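To begin, one chain is listed below as structure tokens, in the form predicted alone.
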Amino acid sequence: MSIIKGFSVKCKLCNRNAVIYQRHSGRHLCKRHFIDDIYKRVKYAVRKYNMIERDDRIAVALSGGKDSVALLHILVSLYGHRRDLEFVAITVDEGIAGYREETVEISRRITSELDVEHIIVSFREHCGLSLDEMVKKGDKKPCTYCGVLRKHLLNKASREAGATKLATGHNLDDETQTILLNFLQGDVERLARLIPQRIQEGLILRIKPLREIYEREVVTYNLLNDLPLALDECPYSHFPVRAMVRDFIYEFEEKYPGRKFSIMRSFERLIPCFKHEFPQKDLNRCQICGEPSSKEICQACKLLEEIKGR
């Protein structure tokens, strides 16, 4: 996937100048046909998994990063005209000094431009501590606190906002890395949970409309539509094993374009087997916060009790 610069190459589908070379399809595409292709693949994913249905109120997890900004823009562009659908953006402010302030501001700006309702929830407001403070006080890795509590707050805020679905910005690269990583770690049960089997009370169904879109295509989409592009990584992010898997898939894709789709399709063929062997568990309610949990006390409450008890 590369943006065409410095010379004129015609689009494979019309006589306009191409703006990108799409390696997996072998096509040069102009801006119009590239965006059309993005929309086509998003609609394919939405239809395949019934991600968007009549009368849905869809919460979009909007971090302000490139993927979530593109996701919101694409969903509004494709479905914003439908009177039976509503969109609300939810931003979680974890409290990461020098990093989260910029993306929260980007989230405010894009929701204002698209006229989408915007809700901001913070770790400090709901948990009593920012992520920075949790890291200093606790003994867990930053991503443990962030992952558990962010998921917890997104579900809670989505439900309280009356959402029926929660859309996240996971792209093709994210999905294939997760698939291969779980295979290598032998965590087949986690693989089975990548595609929810049924709705459970209190748990907002997650959808991933960008699962057919390359990360590089997300960046290109944002550039072509003059959307904010925050590319800085979280200062706490450090996944050595995932980085190795990411680099392997990237190199494999460079030599054999389209292999990320091959990984995705292989996984999809195995979904019925995964679901048969690992049926979705019934959830209870956490005895402390009342949120859905497979145990008496949810992981979010366990982490918070541990930190506050130190």
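Worth saying up front: this structure is predicted, and the values here are computed from it rather than measured. In case it trips you up, residue 1 is the first one in the sequence shown, and so on.
Heads up, the form predicted in complex with a further copy of the same chain isn't pictured, but that's what we're talking about next.
Comment: a further copy of the same chain is not present in this chain, but in the model of the complex one of I96, V88, L114, I179 has a heavy atom within 4.5 Å of it, namely I179. Among the residues C143, L223, I199, V188, the one placing a heavy atom within 4.5 Å of a further copy of the same chain in the model of the complex is V188. a further copy of the same chain is not shown here, but in the model of the complex it comes within 4.5 Å of a heavy atom of I263. With a 4.5 Å cutoff on heavy atoms, Y49 does not count as touching a further copy of the same chain in the model of the complex; it lies far away. Taking the partner from elsewhere, K255 is found to have a heavy atom lying within 4.5 Å of a further copy of the same chain in the model of the complex.
Not displayed here, a further copy of the same chain is approached by L184 to within 4.5 Å at the level of heavy atoms in the model of the complex.
With the partner omitted here, the stretch from 235 to 243, 146 to 154, 212 to 220, 100 to 108 that lies within 4.5 Å of a further copy of the same chain by heavy atoms in the model of the complex is 235 to 243. Residues of 269 to 286 placing a heavy atom within 4.5 Å of a further copy of the same chain in the model of the complex, in sequence order: R269, L270, P272, C273, F274, H276, E277, F278.
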